[in-house]
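Given as structure tokens, the chain that follows is alone and in the form predicted alone.
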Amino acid sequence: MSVIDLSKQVALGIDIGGTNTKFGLVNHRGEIIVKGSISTDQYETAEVFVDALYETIKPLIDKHCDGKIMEGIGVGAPNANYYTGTIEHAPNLPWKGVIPFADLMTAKFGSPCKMTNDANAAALGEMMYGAARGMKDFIMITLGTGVGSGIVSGGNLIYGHDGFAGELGHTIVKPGGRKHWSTGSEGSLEAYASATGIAITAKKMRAEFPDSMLNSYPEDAINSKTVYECAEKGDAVAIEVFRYTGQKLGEALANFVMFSSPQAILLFGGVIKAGDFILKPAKLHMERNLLPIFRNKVKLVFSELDEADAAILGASALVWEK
């Protein structure tokens, strides 16, 4: 039996965003050997984009992978289907329809390619390299411009019958509530707990309290970062924005816990920079809304992965996934 030298293996992790695409060559220990990025939105077709990726990455592979084997390619992308390797009707990408992206990558790079959506990739990265190491049941919630999620049960990501399971950000937490700016649904978690939702809440609340520090900012400068800055300075309205956001998040997390009984819920993304301003009310309202058999069993923790590298690491984890 031949012995596989893991130190000789690398994976190419790629994170496709609406504006930029980040990539990196990653070893088995989760160390990024080299990384870079290209624009996403300047390429009119996926084929031209893949050509540009290859022209950028191939010299790096030649330089940094001498004597190493590239095991494969992992891609995290919006509306990516794990089963089919396609990107399907992604609203924030320039290429419309159903794109056979994994096939395009394999044909160009000569390596097998796996794909999933960005939140699922983050969950895999956390399980392999981060706070979920050793866990077989957990939920990853990404709190950024939107709210994404990845559900791991029995050590496996839940994809559902069609590859699109786990859109917890679009579950309804307040029936008939705030209208989502993109989907049009009313009262979804994303409409409240995302950075976008926090900005909407802050603008509404500051209008009712003229003395709030939030009123010293112009309308277009109100975001989760400026709300945090005001909360840090003791502004009661900013603190209430996060308390309310944490409440909505916690109520939703209670539902998620009772659905899959995870060991932990991991929170990731720019919004978690608010720390205890959002974590404490989220934990409080999660526990308050759980049945007794679920209470005080589920850890609520922040991601351990560096935000700048997490997407690359998560995508590369697809290659090592069994």
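So that there is no doubt, residue numbering starts at 1 and follows the sequence shown. Fair warning: this is a prediction, and the values are worked out from it, not measured in the lab.
Below, we turn to the form predicted in complex with a further copy of the same chain, even though it does not appear here.
In the predicted complex, a further copy of the same chain lies farther than 4.5 Å from every heavy atom of Lys233. At a distance threshold of 4.5 angstroms between non-hydrogen atoms, Phe209 is out of contact with a further copy of the same chain in the predicted complex. Although the partner is absent here, Tyr54 sits far enough away that none of its heavy atoms falls within 4.5 Å of a further copy of the same chain in the predicted complex.
Residue contact with a further copy of the same chain in the predicted complex: Lys35 places no heavy atom within 4.5 Å of it.
With the partner removed from view, the residue among Thr106, Asn215, Asn223, Ser153 that has a non-hydrogen atom within 4.5 Å of a further copy of the same chain in the predicted complex turns out to be Ser153. This chain is displayed alone, yet in the predicted complex one of Val98, Met205, Ile172, Ile239 has a heavy atom within 4.5 Å of a further copy of the same chain; that residue is Ile172.
Residues Gly160, Ser261 and Phe294 are all found to lie within 4.5 Å of a further copy of the same chain in the predicted complex, as judged by heavy atom distances. Stretch-level contact check against a further copy of the same chain in the predicted complex with heavy atoms at 4.5 Å: of 247-255, 125-133, 194-202, 69-77, the positive one is 247-255. Residues Phe164, Ala165, Gly166, Glu167, Leu168, His170, Thr171, Ile172, Val173, Pro175, Thr183 are the ones in 164-183 with at least one heavy atom within 4.5 Å of a further copy of the same chain in the predicted complex, listed in sequence order.
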